[in-house]
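Next up is one chain by itself, shown in structure tokens, the form predicted on its own.
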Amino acid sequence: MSNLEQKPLDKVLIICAKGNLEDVYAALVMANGAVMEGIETKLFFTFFGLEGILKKRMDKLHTATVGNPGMRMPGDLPFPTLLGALPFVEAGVSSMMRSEMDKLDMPPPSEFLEMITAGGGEVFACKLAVEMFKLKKEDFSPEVKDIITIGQFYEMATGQNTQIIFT
């Protein structure tokens, strides 16, 4: 097979370590895109990224409003960090983000995980973070295949054309 006929990646391992709406969606969109391209896909959620796979919280994620340099206001003005600390601002911004995602027909995280696993992708939770936060397997989405160590995750990174992405 020539280089032109090869896929750019054969396998992608995506690590999600943050639990805000934009970071969890970044991991889910990349994973779903990889699955759709026929790339072997594995998602590893660790520390606050576990929010993206917890049954009780995954479809209620919030947008980070404090300390987020990418936040913009109408007219492309920077979003003052102080505003994000005011009561209800984060909830309002998060609601607006979800509304915009709905307009683009983006599924909630629970549906994204179903699509990813239905396409052959695999989802894992970090054993260290799970133990640290005193969680159990039943706390997670049924799409979570297993709770594993980072060493076990790295063992999955074998083969040429494998990439690890950290979100």
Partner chain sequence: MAEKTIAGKSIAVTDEGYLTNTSQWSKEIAMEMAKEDGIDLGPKHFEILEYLRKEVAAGESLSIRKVGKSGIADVKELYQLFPGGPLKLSSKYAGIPKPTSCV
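Positions refer to the first chain, counted from 1. Not measured: the values here are computed from a predicted model.
Below, we turn to the form predicted together with its partner chain, even though it does not appear here.
With respect to its partner chain in the predicted bound form, the three residues L21, D23 and G151 uniformly fall beyond 4.5 angstroms at the level of their nearest heavy atom.
None of L54, A129, A64, V35 but one reaches within 4.5 angstroms of its partner chain in the predicted bound form through a heavy atom, and that residue is V35. Note that among 56-64, 25-33, 129-137, 43-51, the stretch whose heavy atoms approach its partner chain to within 4.5 Å in the predicted bound form is 25-33. Although the partner is absent here, P107 sits close enough that one of its heavy atoms falls within 4.5 Å of its partner chain in the predicted bound form.
Remark: G119 counts among the residues lining its partner chain in the predicted bound form, judged by a heavy atom distance of 4.5 Å or less.
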